[in-house]
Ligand SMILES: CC1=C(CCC(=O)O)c2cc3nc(cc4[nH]c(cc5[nH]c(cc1n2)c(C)c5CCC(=O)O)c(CCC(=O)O)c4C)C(CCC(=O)O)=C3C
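Just one chain is shown here, as structure tokens, and it is the form predicted on its own.
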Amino acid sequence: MEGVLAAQPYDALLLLSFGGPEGPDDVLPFLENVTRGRGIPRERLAEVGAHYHLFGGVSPINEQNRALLTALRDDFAERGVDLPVYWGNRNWAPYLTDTLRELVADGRRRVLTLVTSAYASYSGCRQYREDLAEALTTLRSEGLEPPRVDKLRLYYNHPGFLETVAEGVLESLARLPAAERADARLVFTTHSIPNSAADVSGPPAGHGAGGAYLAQHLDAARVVAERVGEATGVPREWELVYQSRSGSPRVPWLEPDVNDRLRELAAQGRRAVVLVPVGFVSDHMEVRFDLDTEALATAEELGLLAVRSPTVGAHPRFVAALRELVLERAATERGERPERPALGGLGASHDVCPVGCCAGRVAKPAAAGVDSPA
């Protein structure tokens, strides 16, 4: 048992995620929420919406967040961690502002936030912090006294994350024919973002040439490939590619695209690959459509054997890692010096985002950072 005091000074955990439509009528309003202020034509939104309609207009992300929410609550209860877990989204119900109102009504005064994005980037970290700041401002305008809100450190290199990814890769390799297994290449994938956004990801000291976003993904992929190689006794060739690009074709984004790279590998005579969505926490739409639908279809067309390894989702080891991160941060806030486990060469990430971390194109207030508004 971790003990009922282990989470102090926090009195709530907020699971903060992206959100997704839960029916056909939700798709277009959801996409309008996601792209608000970016001037994207309605016709383009309809094209993207077609992906969701292939799955009945339902994104898998909300159901997966419900599963993670339940798993966290069960894990906390089993280990004696007295910390209620709430859930809010940026772009669909339950909306973040509504959840913060609920926290206030329940008397929560010190809230720790878990974002369902493991890496540094504007869209994966800073934008969530900006949404938190905006929601807290809304509460103040309503005459409510908002809680203090902190954010968990990035967990892309926590052992519980990377070991779970490696376990999934080993399970996926086992699904390949024995004759192809030893030579199967590991193709790690993550969401493509504009080069300009990658270059300013993470603290300013590391800006440039892909920034923290690229460095963290390469380090995570390297660790997983090494773990898989050790477990199988076969050194594993691997690489990092990108998926789910959107936006103007005139703006440079991180490359190569996963489908383009599969074509190159097939042309080189490669016979089997494992697609490893290391940049994603759960099997949401970018995984289900861009990998399971498009990329696997590309591989089949090329005669390339391909399997897709699972994301960490609500795997018990990953859930345990999140509990460990919560207790680590709580201990730090109490003035203790807890162990901060991290695999790879980059070390544990900062607890509090520094000024200029994952800078956006337009400066906006952001919570849970050195430059947070009072």
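It should be emphasised that the depicted structure is a prediction, and the values quoted were computed from it without experimental measurement. Each residue number is its position in the shown sequence, starting from 1.
There is another form of the same protein, the form predicted together with this ligand; it is not shown, and what comes next is about it.
Proximity of Arg66, Pro316 and Val326 to this ligand in the predicted bound form is absent: no residue of the three has a non-hydrogen atom within 4.5 angstroms. Remark: of stretches 318 to 326, 343 to 351, 41 to 49, 301 to 309, the one touching this ligand in the predicted bound form is 41 to 49 (heavy atom within 4.5 Å). Of the residues given (Val165, Leu132, Ile193, Val258), Ile193 alone sits with a heavy atom within 4.5 Å of this ligand in the predicted bound form. Ser121 is the sole member of Ser121, Asn157, Thr113, Ser172 with a non-hydrogen atom lying within 4.5 angstroms of this ligand in the predicted bound form. In the predicted bound form, none of the heavy atoms of Ala331 sits within 4.5 Å of a heavy atom of this ligand. The shortest heavy atom separation between Tyr213 and this ligand in the predicted bound form is within 4.5 Å. Contact annotation: Asn89 falls outside 4.5 Å of this ligand in the predicted bound form, judged by heavy atom distances. This ligand in the predicted bound form comes within 4.5 Å of no heavy atom belonging to Phe76.
Residues from 222 to 260 that approach this ligand in the predicted bound form with a non-hydrogen atom closer than or equal to 4.5 Å are Ser246, Trp253, in the order they occur in the chain.
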